[in-house]
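Take a look at this single chain, the form predicted alone, given in structure tokens.
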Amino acid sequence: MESTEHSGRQQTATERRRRELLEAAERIVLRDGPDASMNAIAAEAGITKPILYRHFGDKGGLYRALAVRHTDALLANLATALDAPVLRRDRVEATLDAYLLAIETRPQVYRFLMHPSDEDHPSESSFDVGRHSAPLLRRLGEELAKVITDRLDLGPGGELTARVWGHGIVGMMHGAGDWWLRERPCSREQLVEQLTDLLWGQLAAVKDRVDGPGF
């Protein structure tokens, strides 16, 4: 019994320490964006780099932990938008806006998650962000596909259609959002309206599932 309690306390302490290290990493990412280094993160956390590696393995491990943290938060915001008691087109607009607001509010975090560091930092530039960011986008696509499957009556072959739509919408949001964040050619509201117009043809025509919460 005592051994179990000790193990539980040790696990809780480890989880708390890991959370504190992720918070330190976020502060550096907010400051430095894709140029955030393991040295700077370790200094911010008040530890040595070997201890940071002990918790996350390498920059890839730290990246994955931050990606999960931010993807979870983004998915929660998207779910809130999808559950809003408004007309379907308004929910589509709110969902697109939730994504764009997230990258606009924390652009440095977005750039860290989606773009490699500058080549002025050779020790860090070998980190392949593209290899790690692809699973993040796939996760968003699969989660959106589940929402579409649960809410829309797509008929025979509906599961495949939902996955095509889910990954297609995420690809559109990511591509358009990345371009918009870099160039700022229009307001966020204008971009949301244009993207909703692009999506609206099929989404307006398909009916909700009888046993689902509606889309």
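So that the term is clear: the rigid core is the largest set of C-alpha atoms that superpose within 1.5 Å between two forms. Note that residue numbering begins at 1 and tracks the sequence as displayed. Predicted model only: the values in this text are computed from it and were never measured.
What comes next is about the form predicted in complex with the DNA, which is not displayed.
**Q** Among 14, 36 and 48, does every residue place a heavy atom within 4.5 Å of the DNA in the predicted bound form?
**A** Looking in the predicted bound form, the three residues 14, 36 and 48 all sit within 4.5 Å of the DNA (heavy atoms).
**Q** May I ask you to check whether residue 53 falls inside a 4.5 Å heavy atom distance of the DNA in the predicted bound form?
**A** Contact with the DNA, yes.
**Q** Could you confirm whether residue 159 comes within 4.5 Å of the DNA in the predicted bound form, counting heavy atoms only?
**A** Residue 159: no, not in contact with the DNA in the predicted bound form.
**Q** Is residue 171 close to the DNA in the predicted bound form, meaning a heavy atom pair under 4.5 Å apart or at it?
**A** Because no heavy atom of residue 171 falls inside 4.5 Å of the DNA in the predicted bound form, the answer is no.
**Q** Applying a 4.5 Å heavy atom distance criterion, does residue 175 contact the DNA in the predicted bound form?
**A** Judged by the heavy-atom cut-off of 4.5 Å, residue 175 is well away from the DNA in the predicted bound form.
**Q** Tell me, please, which stretch of 38 to 46, 143 to 151, 178 to 186, 160 to 168 lies within 4.5 angstroms of the DNA in the predicted bound form when heavy atoms are compared?
**A** Going by heavy atoms within 4.5 Å, the stretch is 38 to 46.
**Q** Can you tell me which residues in 164 to 186 come within 4.5 angstroms of the DNA in the predicted bound form, by heavy atoms?
**A** The stretch 164 to 186, when checked against the DNA in the predicted bound form, contributes no residue at the 4.5 Å heavy-atom cut-off.
**Q** Could you check whether the CA atom of residue 193 moves 2 Å or more between the shown form and the other one, using the rigid core for the fit?
**A** Where the cores coincide, residue 193 shows only a C-alpha shift between the shown form and the other one that is less than 2 Å.
**Q** 2 Å or more on the CA of residue 148 between the shown form and the other one, with the rigid core superposed, yes or no?
**A** Comparing forms between the shown form and the other one, the residue 148 CA shifts below 2 Å.
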